[in-house]
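Just one chain follows, in the form predicted on its own, and it is written as structure tokens.
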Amino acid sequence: MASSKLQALWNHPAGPKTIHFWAPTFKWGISIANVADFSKPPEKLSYPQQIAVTCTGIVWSRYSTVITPKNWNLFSVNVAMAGTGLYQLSRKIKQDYFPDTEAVVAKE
């Protein structure tokens, strides 16, 4: 049974024998790097970079559901990109436009 599932994966139109498998697989590196940046201070985050990551994730998530064959690896990596990008943007916006009131009082 396991060998039949592995063979089905191997022979799938978006399986490991095609670029449709490997491109999204390596794209996970971007999402992993963005998760690693969660510990980075918000002032070191880049708006253009995070907007690009977020928009790429949103656009390609939609695209991956309308192409044939359905590529769920592409869909999942782009959902992860959009999610991590949105989280990083929210951290940056919160730090830039909604400063902590305690920090403002401490500066005075």
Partner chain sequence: MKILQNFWNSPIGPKTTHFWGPVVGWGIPIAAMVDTNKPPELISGNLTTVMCVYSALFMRFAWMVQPRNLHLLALHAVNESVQLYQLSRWLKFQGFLGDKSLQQKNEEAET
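Numbering follows the first chain given and starts at 1. These figures come from a predicted structure and were not determined experimentally.
Here the subject shifts to the form predicted together with the partner chain, a form of this protein not shown in this document.
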Touches the partner chain in the predicted complex: Phe75 (any heavy atom, 4.5 Å): no
Contact of Leu9 with the partner chain in the predicted complex (heavy atom, 4.5 Å): no
4.5 Å heavy atom contact, Tyr87 and the partner chain in the predicted complex: no
Exercise: Arg91 in contact with the partner chain in the predicted complex, heavy atom 4.5 Å: no
Heavy atom contacts to the partner chain in the predicted complex at 4.5 Å, residues of 32 to 66 in sequence order: Ala33, Asn34, Ala36, Asp37, Lys40, Glu43, Lys44, Leu45, Ser46, Pro48, Gln49, Gln50, Ala52, Val53, Cys55, Thr56, Val59, Trp60, Arg62, Tyr63, Val66
